[in-house]
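As a starting point, one isolated chain is supplied in structure tokens, in the form predicted alone.
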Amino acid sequence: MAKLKFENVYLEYHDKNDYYSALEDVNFEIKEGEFVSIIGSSGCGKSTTLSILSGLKDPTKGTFYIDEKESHGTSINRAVVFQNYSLFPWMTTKKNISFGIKQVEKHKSKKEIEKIAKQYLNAVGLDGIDNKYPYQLSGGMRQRVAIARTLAMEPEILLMDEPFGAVDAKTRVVLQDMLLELLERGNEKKTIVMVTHDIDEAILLSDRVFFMADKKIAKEFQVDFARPRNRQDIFATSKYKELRQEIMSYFYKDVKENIGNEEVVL
């Protein structure tokens, strides 16, 4: 049974006499516990797809299903990690995480919620910063807090929009490895959809990669590496190099076509 499903999904914007199509006849199924990355050129519809998956937008036409039931609006079984951290600046790290837990665990006491928050701070390697505020943390540490807050809510579906896009290359590698470890340590596999521009990141983390072009899924790539995964072992294989080259060829073909279709205004 599909956990997430798009069936002939379109999304269109209308503003007075202007019309813009963001998605056109998108179809896919994602199984429970699967990690899928969506990549493609800017403007191809990646973030719009994620907006529908999160419930922030509804399709103009077509249907979005969760567990084979038509879905509209947001729900507590889905959580989103954004690129820009999205932490409350007036709250400490522990209170930021506690706030997320309170939204889904209303029956738990303050002491129980703080204990869970502490556990997830430790899980992302941030033991001892409970009372620090976001402005006192580096970008990588803030993103760890954002990930901890999202995972602490224990969502069935985790959606990530360029979660490591705002950090430096070294921190990005650390966060990727941390996420791999956290996800493979858990007893229940979450269903995850991540938007990224990083092909290596998509291959390392995902079970499948969707390449978007022309506002739809143009190509699907299967990532057949066993879990748990090791970055060095995977990147050294010929299978990885061949898969990366195939994805790259689609990516640059799409970029070239988009450039060729642009009008030059003098």
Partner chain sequence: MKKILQNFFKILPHLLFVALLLVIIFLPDSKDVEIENKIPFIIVAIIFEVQLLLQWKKAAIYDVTSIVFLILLIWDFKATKFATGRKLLLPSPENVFQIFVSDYPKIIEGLISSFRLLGIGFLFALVLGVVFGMITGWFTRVYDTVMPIVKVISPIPAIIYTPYAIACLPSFQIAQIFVLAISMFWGIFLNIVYRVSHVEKEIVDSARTLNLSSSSMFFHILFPYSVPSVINALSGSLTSAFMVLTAAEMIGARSGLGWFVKYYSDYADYTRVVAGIIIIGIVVTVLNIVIKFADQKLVRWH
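Residue numbers count along the first chain shown, from 1. Quick caveat: nothing in here was measured; it's all calculated off a predicted structure.
Omitted here: the form predicted in complex with its partner chain. The next part is about that form.
K.L.:
Answer for G55 alone: is it within 4.5 Å of its partner chain in the model of the complex, judged on heavy atom distances?
P.N.:
Contact with its partner chain, yes.
K.L.:
Would M153 count as a contact of its partner chain in the model of the complex, using a 4.5 angstroms cut-off between non-hydrogen atoms?
P.N.:
Result yes; M153 sits at the interface with its partner chain in the model of the complex.
K.L.:
Is there a heavy atom of N122 lying 4.5 Å or less from a heavy atom of its partner chain in the model of the complex?
P.N.:
Contact check for N122: no, nothing within 4.5 Å of its partner chain in the model of the complex.
K.L.:
Taking any heavy atom pair closer than or equal to 4.5 Å as contact, tell me whether S86 reaches its partner chain in the model of the complex.
P.N.:
Output for S86 is yes: heavy atoms within 4.5 Å of its partner chain.
K.L.:
When its partner chain is placed as it is in the model of the complex, which of 173-181, 111-119, 137-145, 97-105 ends up with heavy atoms within 4.5 Å of it?
P.N.:
Looking at the partner contacts, the answer comes out as 97-105.
K.L.:
Pull the contact list for 199-216: residues with a heavy atom within 4.5 Å of its partner chain in the model of the complex, in sequence order.
P.N.:
The stretch does not touch the partner at all.
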